[in-house]
Ligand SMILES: Cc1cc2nc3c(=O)[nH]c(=O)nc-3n(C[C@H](O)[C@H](O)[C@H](O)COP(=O)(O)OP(=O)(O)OC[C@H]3O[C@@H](n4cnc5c(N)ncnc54)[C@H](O)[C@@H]3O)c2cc1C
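The chain that follows stands alone, in the form predicted on its own, written as C-alpha cells.
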Amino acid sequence: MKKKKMNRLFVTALCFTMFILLLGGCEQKKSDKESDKIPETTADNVSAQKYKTGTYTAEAEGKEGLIKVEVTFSDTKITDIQIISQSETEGLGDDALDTIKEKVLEGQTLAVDAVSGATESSDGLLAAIEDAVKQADGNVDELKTNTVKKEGEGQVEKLSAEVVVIGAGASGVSAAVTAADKGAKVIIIEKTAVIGGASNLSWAGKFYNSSAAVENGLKVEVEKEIADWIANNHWRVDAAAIRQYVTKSGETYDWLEEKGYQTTFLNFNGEQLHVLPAYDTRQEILKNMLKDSVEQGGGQVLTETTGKKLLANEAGDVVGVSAEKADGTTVEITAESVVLATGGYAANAEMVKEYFGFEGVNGGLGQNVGEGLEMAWEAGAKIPDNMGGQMLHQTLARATAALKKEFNSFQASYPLISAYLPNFMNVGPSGARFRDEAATLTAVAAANTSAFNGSYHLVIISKHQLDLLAQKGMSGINVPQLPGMPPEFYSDFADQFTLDTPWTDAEKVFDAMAANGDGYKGDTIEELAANAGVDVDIFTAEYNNYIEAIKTGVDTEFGKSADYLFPMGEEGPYYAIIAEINNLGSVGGLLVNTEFEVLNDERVPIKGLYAVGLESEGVLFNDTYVGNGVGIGYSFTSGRLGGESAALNALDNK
C-alpha cells in the first residue's frame, strides 16, 4: 500500500511539474520577477524550495522521549541536520535517526519512509525537521510530495543458497549459524539494520537443566514439568514439542556458550533462568556468530531486506523467497530450505485485535507486523486452532513518559510502581473491581486478568495512602516486598528502589499525572468516578464494598488477604492511575512438527518450509503465553534445532 501511494504521489508531482514547464514555455514574455515564482526542479522531479537562511532548533516526541534537532538552511535547500539530543533505543532507534537524516538531506524531501522497526523514532525526527522547515518559511506540503525514486526500483538480483533464513533475531541467527555449521550455504535476510531482534531487549531465558543449573544444585523434574505444562494449557498444545523443548533446551545453553554468547545462571525463586549478556554487547556477539559460520561458509547476511513472497514450484514445494532491499531492488533467493523467523505480528494492531481482542500496548518490536505468517498462509500453511495467543507480560502506567519531563525518574515512576502493588483497589473501565489485587505480584497473572477486562484498568489511591508513601515509602502502607517490575524499568533509580525510600512530592506527581490526562483526580469518590468516565453508581458501590472489606479484614468478593487491605482514610482527594498491559509479542501463527517443518491444513509438512521462534511458539501454549524466560529460551532452542533440520533437508536434496 505504501509503495502504491508513493507511486501516485510521484506521478502527481511529475504531472504538476510538466504543467508548470509548459506554462513557462508559452509565456516567455513574463517579467523576470514573475518567472522567479515558477518552482525550479532538481533531479527526480524534486522541487526546489525558498527558505529563510539560518539554523533553527526544533523538537518532537520519539519512541523513548524528545528528539531535539538543529536544522540549517540556505536560501534554496536544507544543508545540515544535527541531532542535538535523543534517547532512542541504542542500535535501532538511534540508527534510524541517522538513516532518516541522510534521506532528507539527499532527497530534499520529507516524503521518507520510516525505518523498519523504528517507526516512532523515524516519525519523531521527521516531525522535528518539519517544525524547523516551518520556522524557515519553507513549504512543508511541497516537501511531503517531493518523492525520490529508489535507485534499485525495477532491478532484480538473483541469488541462490541451500538454506535461506528470513529474520535475524535470536531464532533466525541460531538457525542460520547451525545450518552453516552443518555444511549448508546460508543466506539470512533481516528487514531492519539491526541483528538480534527482540533478544536485544530481553532479560533472561530458560534452558531446562542446563549444565550451569545442575552445577548450582537446581534441577527440574522433567516428567512433572511436562505434565503440569500440558495440563496448565488445557491440553491444547503439542506434547511432543513441549517435551522437545524441556529436554533439549539445556543443550542450547552450552551451544551458546561455545559460540561466545555467554549467559549467566540465576536461581530466580526456584526457577532456572539464564541472564543474557550485557545489552550493549549482544548484537556484536550475534554478528560475530554469523561471520564465523554463515559468511565463512560462503553465505551472506543481508540487512534492510524484507521478505515479500515465498517462491514455490508447481508441486507447491517452497523453493525460495522474493525480498526487497532498502534501495528498491528485488532479490530472488532460491534455496532447498526456507526458515521463517520473522517474529510474529504483535506490532500489527489490527491482527492482534482480530485474533485476540487485545487493544493494549505493543512493547515488542515495531517491525513485527506479520509478513512471515501472511507469506506462509499464502503458501498453504494452516492457521492453528489456538491462533491469537499473545505474550502479555508487563503492566505499564500511561503517565510515565510525560512525568519524566517534569520529575526525576524515580518520582515519574510512582504511578508505575503503584500498578505493581497489591495494596490498592483496582477497577476496570466500568468502575467494577475485577480481581484480587494480589495478582499484581505475578507478571502473567497481572497482565492477563487486566487484559481480559478491557484495554486498561484503574489503580485507585487515596490522599491518606499518598501521605504515608511520602513519609515512609512503600513500607508506610505495608508493602510486603519490592514490586516485581522488570529490572530495566528501575535501572536508573535502583538506589532509590527500596521499601523505605520516601516518595517525596508524591501528591505533586499525582496532580501532574491527572493534569496531563494520564490519570484522574477527584475530591470525592463520586467526582473521581465522573472524571474517570466510569459508571458512578457501579464505582461507588464497589468502593463501599471495598471499604467494608478493609474494616472487617474479609474480602467477600475476591478473597483478598487482609494483609493487603490497607485503609484509605476518610477524605480526598482520590486518584486513579491509568494502567495498561504491555504485549511483548504474539505467540504462534503456524503449526510445526518436531523437525520445525510448517504443516498445511492436513497437518502434513509443506516441503522446504520451516518456522522457528515466535511464529512456531503456538505449539507450546494455548491462548496466551504463561512462561517465564521461555520466549527467549525457545527462540534460541527452536532456531538451533530448526536450522539443523533445514540444513539436513537441503543437503539431502542436493
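Sequential numbering from 1, following the sequence displayed. The structure presented is a predicted model; accordingly, all values stated were derived computationally and were not measured.
Although not depicted, the form predicted together with this ligand is the subject of the following passage.
Among the residues Gly364, Gly138, Gly299, Gly320, the one placing a heavy atom within 4.5 Å of this ligand in the model of the complex is Gly364. Met375 is the sole member of Ala335, Met375, Ala506, Val331 with a non-hydrogen atom within 4.5 Å of this ligand in the model of the complex.
Interface membership of Thr540, defined by any non-hydrogen atom within 4.5 Å of this ligand in the model of the complex, is ruled out. This ligand is not drawn, but in the model of the complex it has a heavy atom within 4.5 Å of Tyr625. Residue contact check for Met391: one or more of its heavy atoms lie within 4.5 Å of this ligand in the model of the complex. Contact annotation: Asn426 falls outside 4.5 Å of this ligand in the model of the complex, judged by heavy atom distances. Remark: of stretches 563-571, 347-355, 301-309, 99-107, the one touching this ligand in the model of the complex is 301-309 (heavy atom within 4.5 Å).
Taking a 4.5 Å heavy atom cutoff to this ligand in the model of the complex, the contacting residues in 608-630 are Gly613, Leu614, Tyr625, Gly629, Val630.
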